[in-house]
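Consider the single chain below, provided in structure tokens and representing the form predicted alone.
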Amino acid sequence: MERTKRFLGFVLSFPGIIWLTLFFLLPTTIIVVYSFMTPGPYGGAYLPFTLKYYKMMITNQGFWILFMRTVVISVISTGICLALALPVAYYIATSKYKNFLLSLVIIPFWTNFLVRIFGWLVILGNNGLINRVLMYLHIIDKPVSLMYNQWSVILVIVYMYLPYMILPLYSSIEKFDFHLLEAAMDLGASRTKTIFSVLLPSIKGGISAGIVLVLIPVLGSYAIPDLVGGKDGAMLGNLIARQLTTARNWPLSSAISMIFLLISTVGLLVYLKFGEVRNRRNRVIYEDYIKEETNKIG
């Protein structure tokens, strides 16, 4: 019976294993191998193996400047998404129109990613909506450059990835027992203290999931900084694309991609570790509570 269950489990998981092998493990392995090879004159990668490009990234000041810019933009964008998503998710979870409001959050997913970015070009461009309104109101005499800088990149990233933060937060807040907030306020806590001391610790799982869902994709952003960031808003994703298409240096682009993979893996492992520690602590607290109640009854 046990062997049958294992066999059925293997059969059911086999298509997923094949999918992950072909479309994740195999491409990742190719990137790893390419990152240690020598570039060809017209693209591709050839022997011999070398650590040249990893050494180049370590010693190249320009790479570290671009890396730090990528991290700063990603962290600021994720922080803004979190600050905006918390009150929105709370309002949706406590509203009687939650289904309608959730639909409004999901609607942007129905529109093509690039179309939404080009929409911001119409808004932020020199002849865009904002500049036209400001000039019509005689606030400015000539168009102001609102694009091709880091803040325009952050603005568009927040717009694009805000739903990814709202949805996990909403899921956690909806499961929260709001009677705990009422109990805390009855005991004299202010509404602000109640939110920070009772609500936020209870939805740590949703906060962590939202941060992971936003931060990791933003680190690898390419289209947004390429279209609205320009030279001052370029990120590492743009460097990878440039090395692949213009310089045709596949090993260097693979080495940079491995840095992304390493960051994503470390971030995921830290998230899983914190979740494991949190679950273990909650289980111990629950078991101690059960023991105390059992002793009282006994």
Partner chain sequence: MKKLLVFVMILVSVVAAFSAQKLYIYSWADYIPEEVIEKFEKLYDCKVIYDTYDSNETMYAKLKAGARGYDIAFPSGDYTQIMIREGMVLPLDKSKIPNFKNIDPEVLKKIDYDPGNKYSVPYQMGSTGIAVNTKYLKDYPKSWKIFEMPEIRGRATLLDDMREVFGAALKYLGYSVNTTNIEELKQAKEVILKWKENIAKFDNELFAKGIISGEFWVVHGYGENIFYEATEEEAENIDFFIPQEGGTLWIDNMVILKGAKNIDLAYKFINFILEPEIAAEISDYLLLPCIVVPARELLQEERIYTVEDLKNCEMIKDLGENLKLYNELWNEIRFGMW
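Just so we're on the same page, rigid core means the largest C-alpha set that superposes within 1.5 Å between forms. Positions refer to the first chain, counted from 1. As the structure is a computational prediction, the values presented were derived from the model and not from experiment.
Below, we turn to the form predicted together with its partner chain, even though it does not appear here.
Q: Quick check for you: of 206-214, 87-95, 70-78, 119-127, which stretch puts a non-hydrogen atom within 4.5 Å of its partner chain in the model of the complex?
A: That would be 119-127.
Q: Residue-level contact is defined here as any heavy atom of the residue lying within 4.5 Å of its partner chain in the model of the complex; does residue 29 satisfy this criterion?
A: Flag for residue 29 set to no.
Q: Can you tell me if residue 62 lies within 4.5 angstroms of its partner chain in the model of the complex, counting non-hydrogen atoms only?
A: Yes, residue 62 is a contact residue.
Q: Can any non-hydrogen atom of residue 258 be found within 4.5 angstroms of its partner chain in the model of the complex?
A: Close contact is absent here: in the model of the complex, residue 258 is far from its partner chain, nothing within 4.5 Å, heavy atoms only.
Q: May I ask you to state whether residue 227 is within 4.5 Å of its partner chain in the model of the complex, using heavy atom distances?
A: Contact check for residue 227: yes, within 4.5 Å of its partner chain in the model of the complex.
Q: By the heavy atom within 4.5 Å rule, which residue out of 247, 51, 262, 269 makes contact with its partner chain in the model of the complex?
A: Going through each option in turn, the one that passes is 247.
Q: Give a yes or no on whether each residue among 41, 46 and 234 has a heavy atom within 4.5 Å of its partner chain in the model of the complex.
A: Looking in the model of the complex, the three residues 41, 46 and 234 all sit within 4.5 Å of its partner chain (heavy atoms).
Q: Can we say the CA of residue 230 moves by at least 2 Å between the shown form and the other one when the core is superposed?
A: It does, since the residue 230 C-alpha is displaced 2 Å or more between the shown form and the other one after the core fit.
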